[in-house]
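Encoded as structure tokens, the following chain is the form predicted on its own, with no partner shown.
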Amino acid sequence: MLENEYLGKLILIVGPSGSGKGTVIKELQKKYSGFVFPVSYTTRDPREGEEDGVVYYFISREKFKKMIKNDEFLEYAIVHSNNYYGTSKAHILDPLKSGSVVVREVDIQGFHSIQKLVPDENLVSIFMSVSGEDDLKGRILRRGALSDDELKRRMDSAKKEIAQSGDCDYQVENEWGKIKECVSHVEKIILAEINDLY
């Protein structure tokens, strides 16, 4: 690896669909306006209430493939029912070079891709877990109706992710109904980890 050109810290909130990554990030955004929260790209359709450019840029499959060809992604994956998700290199690496704290949610696949590109001293990974399979299933179903096949696919994917949770630096359980405690735990980890930047 070349001499380290990064001055900031990349905080990855990792976990399966339904584990609360997005909720934790929303709460952090309210308190830490100085942090950088990059927006991801996806080819999936927006859910009800989702706005383009807030959590995701909703783009066509053709545009996504063009971005892959142009090597614009730090990581990308085909998730669930053949939708593409990706994180732009520029949106993460540029702020890292200038010394910013960058907070991003990814699945375990994305974490492993980023881990190969960002030095350990600039990377902090926090895995979000839930209290069990039934809890996770309930959370996934609360987000919208799914076919049995799609639910099974998401649950199988979640089990694989949970099996690799030990690859992350920290594990935080997001107990149902205790989001404040969960956010507080994540916050303490982040503040301890970025202490040396200030």
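Note that residue numbering begins at 1 and tracks the sequence as displayed. The model shown is predicted, which means the values in this text are computed figures rather than measured ones.
Quick note: we don't show the form predicted together with a small molecule, though the next part is all about it.
- The listed set 152, 160, 65, 47 contains one residue whose heavy atoms approach the small molecule in the model of the complex to within 4.5 Å, identified as 47.
- Interface residue remark: residue 56 is counted as part of the site for the small molecule in the model of the complex, having a heavy atom within 4.5 Å.
- Although the partner is absent here, residue 79 sits close enough that one of its heavy atoms falls within 4.5 Å of the small molecule in the model of the complex.
- Of the heavy atoms in residue 171, none are within 4.5 Å of the small molecule in the model of the complex.
- Residue contact check for residue 40: one or more of its heavy atoms lie within 4.5 Å of the small molecule in the model of the complex.
- The putative spot formed by 21, 85 and 110 is fully lined by the small molecule in the model of the complex; each residue has a non-hydrogen atom within 4.5 angstroms of it.
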